[in-house]
Structure formats: C-alpha cells, structure tokens
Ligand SMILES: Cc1ncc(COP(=O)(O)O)c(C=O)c1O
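There is one chain below, alone, in structure tokens, taken in the form predicted alone.
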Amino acid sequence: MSIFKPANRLNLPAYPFAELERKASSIRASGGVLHDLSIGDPDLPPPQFVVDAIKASLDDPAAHVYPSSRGNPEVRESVARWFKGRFGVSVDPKTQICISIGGKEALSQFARAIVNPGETVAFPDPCYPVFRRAGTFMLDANPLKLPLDPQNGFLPDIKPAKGARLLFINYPNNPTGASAPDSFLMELGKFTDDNPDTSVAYDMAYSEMTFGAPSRSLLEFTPNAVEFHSLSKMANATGYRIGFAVGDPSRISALVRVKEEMDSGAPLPFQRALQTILDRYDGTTPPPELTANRAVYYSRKKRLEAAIKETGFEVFETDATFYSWFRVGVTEVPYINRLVESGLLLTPGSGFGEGGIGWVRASVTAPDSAIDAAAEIIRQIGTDI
C-alpha cells in the first residue's frame, strides 16, 4: 500500500505562529498558567461602529450572494477616498484597488500572480514569514535575503534586488517595529521606477499603528508599486480577514485574475466593516476609537520595554507597531525556553529568518495584567540563561 506524500512545496518547517499556538494550547490544557505575548492578535475589541456595520449589512440581500473578486465598487470608492485623504494619493477605484481576504492572502496571491518557478524573490531578513514561505518557497522560487542591520535602523540595502522578479518590503516593520524614513522611501520609489521588471510589494499592515508621525505610503513616491493594507491591526479585527491592495493597475489586474481562480471574493459584511472605518477618518486623523487604542498599546509597550532594559538586554525602541524587539544573545532559544518554564510565551526571532537569531519579539496585545506579569517574569529571570 502506498504511503501518501504531500507536494514538495509543503516540505517546510511548521509555520512559526502555528507552532507557538500549539505550544500555548498544550500548556493551557495541562492547567498551567501562561501569559501569551507571542502573537499580534489584539485583545482590545473592534470599535462598536465596525461591529454594527457588519450586523446591518446582514440584512442586505447582496450580502448573501457571491461577492466580486475585485471587491464591492462602493467599498473600493471608500478606499480611494481614504487613500487621498490619508496619503494625498489619487487612485482609480475601478482599476487600482482590489479588496482582499486579509493581508496574508493578498500578499501570497500577489506573489502567485507575479512569480514563475525558478525566478528570484527578494525579501528582508528577518521578515514576516509569508514573504519567504508562501511568497517564495511554495512557488518554487529562489530566495534572495536582504539583511536588516540594527545599526542601519533595520533598513535593507535594496540594490542586490535588481533583477529579482518580486521584492517584498514592509514598514512599519514586523517583527522589528522599525519605520521607514522619507529618504528610504525615495530610494525605494526610484528603484521601483528604474526596475520595471521587478514588482515591489509594499506591506503596510501596520500603517495605522504608529505613535508619532503618521506613516507614509510608498505610492507617494512611485505609482508603479502595489501596497497592501489590512483591517486587522487598524481595528483590532484580525478574525475578520479583510484588507486591500492598491497601486499599479496592471499588477492589480494580475492579482484579481488569480483571485478569480482561487477564491470567490471577500464577504460583503466584512467589506462593509472596512468601508465604515475608512469613512470615519478625517484626512490623516483616525476616529477617536483608534487613537484610544494606540494609547493603550503605547503605554503597554513602554512598560514592558522598561523591564527588558532593566535586565541589560538591547531593546530596539520604535514609535510604531505593538511589538517590542530585543536581543538576548547569540541564540534566543534557551531564553525562550526559560520564559515558557516561568509561564511566559514570546516569539523567537529565528521564526522570522536567520536575521532574527538572538532576538525576541514580544507583542503587547494582551491585557494589562498579562503585560505586568510578563514584565515581572522578565525582571526575575534577568540575563541568567
């Protein structure tokens, strides 16, 4: 009898966040106390007006039929208005916007639309795992790592990406929390314009999770890239799985073409949730509910980082994302294991690639009590690993 074997493209280590969830579930099942700061899954609820928009849309007959692969026209018009008010960039809702089933789906489907087997995909190291896994290895593409150096603010040298079929970049950055200055965006915009055979995918899932100056769009510097946004972090709604891609019309059309083959579009009630929150912006000013959420995350982040710095570990301090990124040594594995034994689960930096080895990511998307407990555990363990 033959033994089933999956496709070779599945010969990957377990997805790092899935492995963390399994570890957390095992500890909870055994009755252990676990403070989980490993995954960026917000504990704060979505704004009530977002929830109400979903409920109201369920009474719309259009919500019960197949949606469009490109997205509802009215929702795309709201995205275009938001983009103009938020970034000062005009985009055509008919040709330059595609509503997606979250950011992860859009990024992986975009790569599928662009990359042929054996071609090169460039991505930062460390990086959001989708870039190197679903966006590279599962497409039988060749990886090109662009190291992120803390001495350079975790910004990559993009020149080696010349000739790549696809370049993934994301700022505000996951996992480091770094932001991209205008000088880098100008350089990236010029690279995009000068290398039309390289498609640039700019992931801005954390564009609305900043605590200082608002983040800027790459499309302010070039019309030729494709940018990806998500409701997940903007509205504490990771489970809604809704986002959008915006940018170069030909590349957006390629994404839509893949979606026509791979899915049946995003559910209309969640598209309406996205539309509702975008329509509440006043230019660059978000609705007050988002401002209040930011303040909570910022306070938690600073409290946790204060405890980390007391141990003597190097903290990469940023004004964006709800992550704290810190270096604990040559390898982070013994430290992670020590924390788990003490009831605290953080994310090993190696889960984001070789460039993350020795680093740890902590997400402050947990109640204040968990943040304070985590800070105390970190203080107690110190550097004794």
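One rule holds for the numbers: they count along the sequence shown, beginning at 1. All of these numbers come straight from a predicted model, not from anything done at the bench.
Unshown form predicted in complex with this ligand; subsequent notes refer to it.
Using a 4.5 angstroms threshold between heavy atoms, Leu268 stays clear of this ligand in the model of the complex. Although the partner is absent here, Ser207 sits far enough away that none of its heavy atoms falls within 4.5 Å of this ligand in the model of the complex. Contact annotation: Arg241 falls within 4.5 Å of this ligand in the model of the complex, judged by heavy atom distances. Among residues of the shown chain, Thr192 is not one whose heavy atoms approach this ligand to within 4.5 Å in the model of the complex. For the three marked residues, Tyr128, Asn170 and Lys233, a heavy atom of each sits within 4.5 Å of this ligand in the model of the complex. The partner is absent here; in the model of the complex, the one residue of Gly177, Gly71, Pro156, Gly102 having a heavy atom within 4.5 Å of this ligand is Gly102. Shown without its partner, this chain lists Leu188, Ala161, Val91, Leu107 as candidates; in the model of the complex, only Leu107 has a non-hydrogen atom within 4.5 angstroms of this ligand. Between 283-291, 224-232, 140-148, 207-215, the stretch whose residues reach within 4.5 angstroms of this ligand in the model of the complex through a non-hydrogen atom is 224-232.
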